[in-house]
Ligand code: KG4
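In structure tokens, the next block holds one chain alone, the form predicted on its own.
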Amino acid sequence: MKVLGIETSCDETAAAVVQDGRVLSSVVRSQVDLFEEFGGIVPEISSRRHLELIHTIVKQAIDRAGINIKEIDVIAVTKKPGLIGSLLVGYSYAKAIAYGLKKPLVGVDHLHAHIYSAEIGSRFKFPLLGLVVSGGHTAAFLVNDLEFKVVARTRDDAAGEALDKIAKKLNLGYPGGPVIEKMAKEGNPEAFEFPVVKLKDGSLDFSYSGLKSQASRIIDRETLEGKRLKDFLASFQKAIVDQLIERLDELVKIYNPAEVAITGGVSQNQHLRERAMEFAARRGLKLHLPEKWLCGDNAAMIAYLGEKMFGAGYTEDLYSSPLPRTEASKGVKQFQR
């Protein structure tokens, strides 16, 4: 089975072809260059850029897979979550291809696909505790095959968002995570004290707004340059990871998973990877980490999960949409299994 995957949930226009779990091609066009001057994503600009690129990116994915588009058996596309304008571009394009080729359409949850990106080239054992850490999302799921239960999520900022915002405040560039990681390698992570946030209601949800505010106050009152700046960034990065690992440890105690996966754009961070490997070894758990090219937004993970979903009987009709359902659309069948 050959599956065409399309991903436009945020600021990457991506397409890929997967056959029987094997990635035949993956094309990703980032929009980072468009947003450097803004220090973050501008949704309208992003959706317009997707419109300009989508046809070319899909054609490149088909060509690099060495196939004709008529050989595609299933179209898989990101349906949620994401920027609605960006989602509509990819979803509408996918529906048009499905209609034209008379092929089935599968709508894929972007976060679920991130989790399954760690299974490409590997195999999960269930139940799996999957942690997605990115610029837009920080959430943990208990996964049993194609069933996903949210067991913790951020109450405010995502981990990657906190990194980006502090980098912006320091004028270090966008995206902030890679810049902070590079500079933090030469810093002392114990130089600044950032306690791990404990939510008053005892929840294991994540929260980074307080950490971000504390870091902002330090920036406002102190001149951070040279070694002192690197120490600050190393300490801030460590605090981001401390919360992830501490929450993960508590979730493992509660849910007793067979394995753990850490995915999403921030999972490229080497400090997080090393801490995660230490944690997994201490707990005696197998840890799944996606290859670094699969950590950011990509369509290979969409096609990969879409293939599994189609095999389990999931399809969408051509009246479906990533938009919230309205009163007028309640009679339209949105999802089939």
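One-based numbering along the sequence shown. Note that the structure is a prediction, hence the values are computed from the model and not measured.
Unshown form predicted together with this ligand; subsequent notes refer to it.
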{"property": "Contact assignment for this ligand in the predicted bound form, among 131, 266, 76, 233, heavy atom within 4.5 Å", "result": "266"}
{"property": "Proximity to this ligand in the predicted bound form, single hit among 295, 309, 57, 276 (heavy atom within 4.5 Å)", "result": "295"}
{"property": "4.5 angstroms heavy atom contact with this ligand in the predicted bound form for residue 178", "result": "yes"}
{"property": "4.5 Å heavy atom contact, residue 12 to this ligand in the predicted bound form", "result": "yes"}
{"property": "Residue 262 within 4.5 Å of this ligand in the predicted bound form, heavy atoms", "result": "no"}
{"property": "Contact test in the predicted bound form: residue 112 vs this ligand, heavy atoms, 4.5 Å", "result": "no"}
{"property": "Among 254-262, 99-107, 159-167, 200-208, the region lying within 4.5 Å of this ligand in the predicted bound form by heavy atom distance", "result": "159-167"}
